[in-house]
Ligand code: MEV
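A lone chain, given as structure tokens: the form predicted on its own.
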Amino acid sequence: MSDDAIPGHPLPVAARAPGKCILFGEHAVVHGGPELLLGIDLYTQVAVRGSDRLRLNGHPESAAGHAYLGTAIRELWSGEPPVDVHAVSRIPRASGLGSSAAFIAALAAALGAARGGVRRDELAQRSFSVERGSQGVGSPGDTSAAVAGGYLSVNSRGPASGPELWTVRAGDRRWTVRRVPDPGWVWVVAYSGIPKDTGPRVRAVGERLTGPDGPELLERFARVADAGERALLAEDREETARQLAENHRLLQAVGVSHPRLEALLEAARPASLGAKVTGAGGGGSIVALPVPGQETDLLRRLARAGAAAFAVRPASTGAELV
């Protein structure tokens, strides 16, 4: 996995970053709970070159209406010289698979390179600051996965999963990110076609998790994430699948599933050991752990159910110049 710094490179410069898939702990991580996720081998590539004014894919109008680009330019570039940003992505937009985090991390890597280079821990902090500055809420799991690639734990309270990569801060809250060993599994993710809206969904769940039963729900989320991390480290597929199902029940309890997502989970059942909603929910995607040898069958079942399905592995690198 790529934990080195992003080197300096003059404009024009291009970078790419992977999407992400959350296995355990989404929503609870916003409130300090543990999370387990991986950067996946679906990438967004961003090229930056000098321009007479700020443009996105050649259009100043697109740049003006793009919150993430605007925040990144204000926080990381100061607008001089103006740049034309071109982005190409294999990650479906608003799918819960980290399209915004990948765009931000790739853009921040390119801008950091053009400013002389950037350490990877600094890139993780900058990327999260841009995402949180645009959404107003969130946790650094998505952007850390885009920066680091591979399996990561955030705020792990389970076994020592691997070396600490960095601590990301927002106000008085801190999230510690660690590397997690790769068990060598293939995952299947499937986009429902229903776009999710992360900010409003995170705020709605946040109200529930800070309500009267919030502490109990947060502890249940944490126990599942702990158990899921232990199972993954032990390379125990069956126990990992059981914890995926338990995590999904918790997500149902806080209201982030959707009939379309439930239909995809049902379609996946014959060829998967376990599956759940992944990401903010209310739309977006599911993730499934295939029965070994039935990956193709699982993809076909999800495609017949109307999803855009992908077999994914952990990204071998995080954000990098290309």
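Residue numbers run from 1 along the displayed sequence. Everything quoted here is computed from the prediction, not taken from an experiment.
There is another form of the same protein, the form predicted in complex with this ligand; it is not shown, and what comes next is about it.
Colleague: Can you pick the stretch from 259 to 267, 45 to 53, 65 to 73, 27 to 35 whose heavy atoms fall within 4.5 Å of this ligand in the predicted bound form?
Modeller: One stretch meets the cut-off, namely 27 to 35.
Colleague: So which of 202, 222, 241, 180 reaches within 4.5 angstroms of this ligand in the predicted bound form, heavy atom to heavy atom?
Modeller: Spelling it out, the residue with a heavy atom inside the cut-off is 202.
Colleague: Quick one: from 92, 138, 158, 133, grab the residue that has a heavy atom within 4.5 Å of this ligand in the predicted bound form.
Modeller: Selected residue: 138.
Colleague: Quick one: does residue 290 come within 4.5 Å of this ligand in the predicted bound form, counting heavy atoms only?
Modeller: No - in the predicted bound form, heavy atoms of residue 290 and this ligand never come within 4.5 Å of each other.
Colleague: Spell out, yes or no, whether the shortest heavy atom distance between residue 277 and this ligand in the predicted bound form is within 4.5 Å.
Modeller: Although this ligand is absent here, residue 277 would stay clear of it in the predicted bound form, with no heavy atoms inside 4.5 Å.
Colleague: Report whether the minimum heavy atom distance between residue 307 and this ligand in the predicted bound form is within 4.5 Å.
Modeller: No, no contact at 4.5 Å.
Colleague: In the predicted bound form, is there a heavy atom of this ligand that lies within 4.5 Å of any heavy atom of residue 298, even though the partner is absent here?
Modeller: It does not: once this ligand is placed as it appears in the predicted bound form, residue 298 has no heavy atom within 4.5 Å of it.
Colleague: Heavy atom within 4.5 Å of this ligand in the predicted bound form: which residues of 10 to 24 qualify?
Modeller: Heavy-atom contacts to this ligand in the predicted bound form: 20, 22.
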